[in-house]
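Next comes just one chain, in structure tokens: the form predicted on its own.
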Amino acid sequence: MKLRKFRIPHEIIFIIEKIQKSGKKAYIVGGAVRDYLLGRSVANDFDIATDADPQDIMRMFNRVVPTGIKHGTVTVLIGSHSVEVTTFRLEKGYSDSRRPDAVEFTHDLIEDLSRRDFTMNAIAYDISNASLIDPFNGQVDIAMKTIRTVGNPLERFSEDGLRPLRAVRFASQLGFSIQEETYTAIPACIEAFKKVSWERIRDELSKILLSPVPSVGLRLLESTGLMAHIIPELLPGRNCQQKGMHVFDVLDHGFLTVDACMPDLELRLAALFHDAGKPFVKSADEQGIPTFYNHDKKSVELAAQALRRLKYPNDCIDTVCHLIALHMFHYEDNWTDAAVRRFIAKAGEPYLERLFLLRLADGSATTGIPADPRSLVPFRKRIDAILTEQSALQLKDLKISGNDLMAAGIPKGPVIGKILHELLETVLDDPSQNERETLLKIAGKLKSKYL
């Protein structure tokens, strides 16, 4: 493999050269080397492996954080970089299928590389002579676009239950295939995988969803059995056939909808779950045609359940569920301005663009033919016109508040909220009504309705 120039930040070079001047060895290892060999732009997260002890590193540099000193790792803070420096080590025992029970430091780089997960990640770069140390033929696997474990895959996956999911994630991110023996070992190591924390699983799933073609990883999750543990809510969609122009079953339709979305995590999560409820509400009309009434509500329920289990932040869950709940909107030219205002009010202006993108992706994944974005142009123009008018679309836009109603004699309590919502409905119908005195008069008439 022909090597191009490895652009290494001067801070990384400074760290390595300082370690070497102390009489120790130091190499760039891991993802930075892999990405360099792939011809990709290398991120700023360089990792360094050395035969220096963690205490040696802490004495050499001014700002060092003992992030994993028990396992030989410290983080050197230099400039804008946070560089993990890890002592060559051997690992023994993995009772929790996640972290080694014991770590033994070594002076042998090859021994250190042998404990790593995949051959493509077990390559070191020596800046002193611009050479690669590649004892497991990782360069060949990179050239062949193959993911292969270092040594026996059953052993590697049993040591760290996250590794099977990492294999799927790398396949999705890089467009690689998983070598047959490595692939076969994944379902055999599900029990080790089940010991991994939901937070770590969530992070890997998010990376799969943000990869160039997420369906590659999603299909691997399904075929290896990982999906049954991570997001079992989706599996009933397999072989659940749909009606009309739908070419794909519910599960493949979901995968392809994700592919058709821009790389926005919340949008792609919404795409993944938007039809998940269909198998649970599936019925048939008098002609035997499948129906899926209220599948949007069931999809929201399933998405919330899965995302809570995966420890996604509450604001992320709320956004995803909101997009799913409204993904079936159907605009027609005969909508009144009031109807358009109500749609904006219900959707919320910040969510409109992602709703449109989800709708287009949904359409593309129905037939496999990209949806024409021009189909939504008339609706977009109507919405833009309404937004330009700066009409009241939310309670906060009303020229009256709860305090005004209380000052007008309406007692504090739930009635205030009910009247404010009725006033908003009035203004959505006729924006000219959004004047303080007008609203107070209307509120006075509504007072008798509730008191």
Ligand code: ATP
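Every value quoted in this text rests on a predicted model; they were computed, and no experiment measured them. In case it trips you up, residue 1 is the first one in the sequence shown, and so on.
Unshown form predicted together with adenosine-5'-triphosphate (ATP); subsequent notes refer to it.
Only one of His253, Arg169, Arg341, His295 lies close to adenosine-5'-triphosphate (ATP) in the predicted bound form, with a heavy atom inside 4.5 Å, and it is Arg169. Shown without its partner, this chain lists Glu422, Asp51, Asp47, Asp56 as candidates; in the predicted bound form, only Asp47 has a non-hydrogen atom within 4.5 angstroms of adenosine-5'-triphosphate (ATP). Residues His246, His274 and Arg359 are none of them found to lie within 4.5 Å of adenosine-5'-triphosphate (ATP) in the predicted bound form, as judged by heavy atom distances. For Asn121, a non-hydrogen atom is located within 4.5 Å of adenosine-5'-triphosphate (ATP) in the predicted bound form, even though that partner is not displayed. In the predicted bound form, at least one heavy atom of Arg163 sits within 4.5 Å of adenosine-5'-triphosphate (ATP). The closest non-hydrogen atom of Glu233 lies beyond 4.5 Å of adenosine-5'-triphosphate (ATP) in the predicted bound form. Though the partner is left out of this view, Arg116 does reach within 4.5 Å of adenosine-5'-triphosphate (ATP) in the predicted bound form, counting heavy atoms only. Heavy atoms within 4.5 Å of adenosine-5'-triphosphate (ATP) in the predicted bound form map, among the stretches 28-36, 378-386, 422-430, 61-69, onto 28-36 alone.
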